[in-house]
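Shown here is one chain on its own, the form predicted alone, set out as structure tokens.
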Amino acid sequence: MGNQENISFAVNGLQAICRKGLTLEDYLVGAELEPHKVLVEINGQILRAEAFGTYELNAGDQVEIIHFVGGG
């Protein structure tokens, strides 16, 4: 069995924990967020949506997620 090490990071100012190696896209889907409907900033830098599937969350990351809401 592989190593199931967990990491701790912050999402919108709240502590979050996930398994090491989890991609941002997998995290978003697991949080029931649609990756194409959010803007994500990691450690002060906006991450392009195309990179969500390859960016692995790291211990200590500061993640800010902004949801797009439709309406009029």
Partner chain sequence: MTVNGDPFVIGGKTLSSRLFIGTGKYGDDALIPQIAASSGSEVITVALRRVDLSNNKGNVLRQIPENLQLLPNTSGARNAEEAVRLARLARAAGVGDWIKIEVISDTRHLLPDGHETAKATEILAKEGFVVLPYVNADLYVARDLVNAGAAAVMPLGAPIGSNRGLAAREMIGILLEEIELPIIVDAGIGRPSQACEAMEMGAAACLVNTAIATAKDPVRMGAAFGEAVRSGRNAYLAGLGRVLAQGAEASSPEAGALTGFLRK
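Residue numbers count along the first chain shown, from 1. Predicted model, so just to flag it, every value in this text is computed and none were measured.
The form predicted together with the partner chain exists for this protein as well; it is not shown, and the discussion that follows is about that form.
Using the partner position in the model of the complex, report whether residue 12 sits within 4.5 Å of the partner chain, counting heavy atoms only. Result yes; residue 12 sits at the interface with the partner chain in the model of the complex.
Please check if residue 65 has a heavy atom lying within 4.5 Å of any heavy atom of the partner chain in the model of the complex. Looking in the model of the complex, residue contacts with the partner chain include residue 65, since a heavy atom lies within 4.5 Å.
Contact flag, residue 38 vs the partner chain in the model of the complex, heavy atom cut 4.5 Å: It does: once the partner chain is placed as it appears in the model of the complex, residue 38 has a heavy atom within 4.5 Å of it.
Exercise: residue 29 in contact with the partner chain in the model of the complex, heavy atom 4.5 Å: Flag for residue 29 set to no.
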